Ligand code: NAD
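Let's start with one chain on its own, the form predicted on its own, as C-alpha cells.
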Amino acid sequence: MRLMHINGRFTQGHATQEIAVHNPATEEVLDTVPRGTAADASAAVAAAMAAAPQWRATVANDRAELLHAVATKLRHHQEHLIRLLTLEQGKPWSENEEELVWSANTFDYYAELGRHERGSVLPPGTPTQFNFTLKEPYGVVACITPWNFPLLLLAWKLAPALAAGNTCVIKPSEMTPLSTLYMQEHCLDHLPAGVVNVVTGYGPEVAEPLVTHADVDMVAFTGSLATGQRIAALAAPQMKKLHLELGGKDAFVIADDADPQVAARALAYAALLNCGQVCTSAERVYLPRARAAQFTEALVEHVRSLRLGPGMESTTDLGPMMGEKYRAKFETHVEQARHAGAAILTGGRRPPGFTRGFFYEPTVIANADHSMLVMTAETFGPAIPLMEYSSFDDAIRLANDSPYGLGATLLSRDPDRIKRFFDEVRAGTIWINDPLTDNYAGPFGGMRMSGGSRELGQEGLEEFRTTKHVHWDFSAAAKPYWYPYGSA
C-alpha cells in the first residue's frame, strides 16, 4: 500500500480501509492507497497552515531554486513516472511522456515567473504620497485533481501556487493517485515539511472536508461541471477563492479550403487523444456541406488505421477508457445518436477480442445534430460526431450553440474567416490549424459553464495571488479635508 503524505511523512492517517487502484487496460489491481477521512484532511490543512508563514517568507529567488529542483527530479524519475501514468491511467506511453515533459517544464516556467515581480508602483495623488500594490499568497490551497492528466493538471496548479507563496493540500483522483504519491516521495521531498501534503480518498470523504475547512483559503479544481457546481455551493458561505476548470464541448470547424487528408489527421488527434478523455477534445465537428463527403471519407479511412491496445505497447495509438462507468455513459451517447438517425460509419462497439480492459473502438458518427447527446453533452470518449453546415455564418452560430466555452478549433487558410472565427466564437482558447496545443506563456481556461479560471501564463500565477494596495503618505500632518468641514 502507498501511504498518504502529511507534514513531511508518509502515513496511513486515520484510514481504516483501502482503495484499490486498477489498470484500465487489464483491470488488474496495481496497488492500494488509504481511504482517507475528514480527520486526515484536517491534519493536512493544519500542517499546511503551520508551514505557511515560513514558506510565505521564503524569498522568491530561493523558492525559484526549489521549484527548479522539482523539475530536475521529475526528469530524473521520468521513466518510472511515465510507466506509472501508463499503468494507472491507460493512455499510450508517448502521450504520458509528453505529460511528464510538460509537467517538468511547468515547474521551470513558474520558478522564473515567480521571481519576476511582486506588484507594481502607481502614480501618486500628491507629491507626498507613495502608492503601490503587493501580490500576496492566499494561504492554504486545496488542489483537487482529475484522473485524465494526473501530473500535468496538478503541475498547472501546484507550480504557480507554490511560486506565489501558498502551501498546498493535494487530493488526487482515487483512480490515479500512484503517480502523485511517487512524485511527492521523489520529486517534492526537498520542500519543507507541510508545504505540500497529499491525502488520498473519495470526494465526499476528503475533498468536501477540504472545501469547507475554515483554514483552506482557496480551492483549485479540474473536473466535471456538476462537481464544480457542488464545490461552488459548499464554498459559498465562506466566500473563499475558487479556481474551477470545468467541462467542455469543444467545436471543431473545417472550412471548405482545408485539405481533407490534413483535416482527417488533425481531427482524429483532437477528438481521440487520451481516447477522447480530454476536456478540450473535439466533441462537435462541423463540415461544409459541399465537401462533406470528401472530409468524411478521409477521416473514416484514417480512423480505421488506428490501433487499440494497452498503453505500454509501443504500437498502440488508443488505450482504454478509464473505467466501466465512463464507457457505459459513452455507449449511451452513441446509442442515443444511432436511434435518433445518425449513421455509425466506423466503430460503435467494444472491440472483439479484448476480453479485459475498458476498450471501445474510435467511432465516427455522421448525420449528427443538436438533438443528440453526442453534440450537446460532454461525451468524454472516442467519438467524432459530424454535422454539416451551409455557410460560414452557420458554422459560427453552431460553434457558439453550447453552454460551454472551453476551446474551439478552425482549419482554414483564409485570413478573413480566421479573424471572424477568433473574434466571434466564445471560447477561452481558439486553435487555428493546430488543435489542442498549449503554450506555457498562454493562459488556458474557459468561459461560461467551463469555469472562467485560467492556468498557465502570467494569468495562471495571478489566480494564486491576491492584491493589496498600499497608500503611503510621507507627511504625517493633518489633512485639510478631515473633519470638521466648517473650519476652513
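Small disclaimer: the values here were computed from a predicted structure and weren't measured. Residues carry their position along the shown sequence, with the first being 1.
Not pictured, yet referred to below: the form predicted together with this ligand.
S.K.: Considering this ligand in the model of the complex, find the one stretch among 172 to 180, 126 to 134, 351 to 359, 68 to 76 with heavy atoms no farther than 4.5 Å from it.
M.R.: After filtering at 4.5 Å, what remains is 172 to 180.
S.K.: Should T106 be classed as touching this ligand in the model of the complex when contacts are defined as heavy atoms within 4.5 Å?
M.R.: No.
S.K.: Heavy atom to heavy atom, is N166 within 4.5 Å of this ligand in the model of the complex?
M.R.: Answer no; every heavy atom of N166 is more than 4.5 Å from this ligand in the model of the complex.
S.K.: Please tell me whether any heavy atom belonging to Y326 falls inside 4.5 Å of a heavy atom of this ligand, as the geometry stands in the model of the complex.
M.R.: It does: once this ligand is placed as it appears in the model of the complex, Y326 has a heavy atom within 4.5 Å of it.
S.K.: Heavy atom to heavy atom, is A337 within 4.5 Å of this ligand in the model of the complex?
M.R.: Contact check for A337: no, nothing within 4.5 Å of this ligand in the model of the complex.
S.K.: Which residue among G139, P146, G309, P288 has a heavy atom within 4.5 angstroms of this ligand in the model of the complex?
M.R.: Among G139, P146, G309, P288, a heavy atom within 4.5 Å of this ligand in the model of the complex occurs only for P146.
S.K.: Tell me, which of L410, M375, A207, A342 has a heavy atom within 4.5 angstroms of this ligand in the model of the complex?
M.R.: If I apply the 4.5 Å criterion carefully, the residue I get is A207.
S.K.: Would W93, L100 and Q184 all count as contacting this ligand in the model of the complex, using a 4.5 Å heavy atom cut-off?
M.R.: No residue of the spot touches this ligand in the model of the complex.
S.K.: Scan 248 to 279 and note down the residues that get a heavy atom within 4.5 Å of this ligand in the model of the complex; none is a fine answer too.
M.R.: Counting only heavy atoms within 4.5 Å of this ligand in the model of the complex, the contacting residues of 248 to 279 are G248, C279.
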